[in-house]
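Next up: just one chain, as structure tokens, the form predicted alone.
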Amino acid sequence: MEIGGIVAYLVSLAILAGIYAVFTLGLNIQWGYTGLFNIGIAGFFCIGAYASALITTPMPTGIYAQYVHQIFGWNLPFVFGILGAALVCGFIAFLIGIPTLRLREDYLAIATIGIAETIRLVFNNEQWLANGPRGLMGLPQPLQEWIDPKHYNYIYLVIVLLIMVIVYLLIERGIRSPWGRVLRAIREDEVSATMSGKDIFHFKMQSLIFGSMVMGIGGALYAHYTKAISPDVFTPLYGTFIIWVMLMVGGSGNNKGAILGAFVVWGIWTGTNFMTDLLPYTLKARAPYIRFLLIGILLEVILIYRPQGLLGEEKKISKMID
């Protein structure tokens, strides 16, 4: 492979790792700091991607309008797509939180994964909403009119990393405030937090909404990178399980660890593609399962030898800079 091809591959890898880092930061708010066992990340991934796509694409016209149906089509800039994805995910999280946040951890997990799959099936079966199983194609990308397509990924990498850093700083600011300390208190002992006069339900709701809005931003970034989305993208494997692995590997309760875990796991995930290319022809059909096995082994090793993750949880959190 030529140097240019290697660089292009690494840029693409970094873009997707950065997008998954945004998801992992959102999950870290909910699980790492509050203890909310959310296994419905794929649902907010799906909502964020579709919300941004529907806001930034024009309403179909002509012959194509006979085959594509959608409820938005505002043709707004990329920034409005990002903000819209965050707001829609926050609103949906509020509706989900009302009946689920009073459940125990295991029941909350069952409820969220069921809701996530329901969201995916709604987009798949209701064609009037966003073209059903065909999905949406030709999504716009920011600044694409002024950038040579051959070099556009470099610009999008900067956009993704910039948004990731902004999200990281906002979360750090919140977590190192009294609000963040209440979340940790709820995670450690709800009874003690309640005896201190804290409204547990409302703080949990805030955590669920904030984390889901961050996940919505990740979904929007993914949609505009791939420029095409369909319901079969938002499966539990790629939309939930791998994000949990990233957080566990990096370090739950540590935002730097969440980012590191996303880059490490995604690098391994894509790197194993080269390893499976070396397999004999008779085993190539099983290459995806071998990749799952390698990720599973990685997670087991981390849990056994480094249960706190590559970067453990910080003990001193009151100040961003010591």
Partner chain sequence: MAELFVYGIVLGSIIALGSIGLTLVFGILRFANFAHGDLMTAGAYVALFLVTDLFRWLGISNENLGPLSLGWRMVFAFPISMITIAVLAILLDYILYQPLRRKRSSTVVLAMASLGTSFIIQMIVLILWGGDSLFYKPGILRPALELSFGIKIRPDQIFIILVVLFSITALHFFLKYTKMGKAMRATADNPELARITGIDTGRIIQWTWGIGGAMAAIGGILYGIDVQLHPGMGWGFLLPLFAATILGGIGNMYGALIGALVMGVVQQLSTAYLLPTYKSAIAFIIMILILLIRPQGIFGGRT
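Between two forms, the rigid core is defined as the largest C-alpha subset superposing within 1.5 Å. Positions refer to the first chain, counted from 1. Quick caveat: nothing in here was measured; it's all calculated off a predicted structure.
Form predicted in complex with the partner chain: not shown, discussed below.
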{"item": "Partner proximity in the predicted complex: residue 104 to the partner chain, non-hydrogen atom cutoff 4.5 Å", "value": "yes"}
{"item": "Partner contact for residue 199 in the predicted complex: the partner chain, 4.5 angstroms, heavy atom", "value": "no"}
{"item": "Contact label in the predicted complex: residue 14 to the partner chain, heavy atom within 4.5 Å", "value": "no"}
{"item": "The partner chain contact in the predicted complex: residue 115, any heavy atom under 4.5 Å", "value": "yes"}
{"item": "Option touching the partner chain, based on a heavy atom within 4.5 Å in the predicted complex, out of 229, 92, 248, 164", "value": "248"}
{"item": "Partner-contacting position among 265, 55, 259, 39 - heavy atom within 4.5 Å of the partner chain in the predicted complex", "value": "39"}
{"item": "Full three-residue contact with the partner chain in the predicted complex, heavy atom 4.5 Å, for 4, 84 and 143", "value": "no"}
{"item": "Proximity to the partner chain in the predicted complex (heavy atom, within 4.5 Å), stretch among 239-247, 174-182, 145-153, 216-224", "value": "239-247"}
{"item": "Heavy atom contacts to the partner chain in the predicted complex at 4.5 Å, residues of 107-128 in sequence order", "value": "107, 109, 110, 111, 113, 114, 115, 117, 118, 121, 122, 125, 126"}
{"item": "Residue 11 C-alpha relocation of at least 2 Å between the shown form and the other one, rigid core basis", "value": "no"}
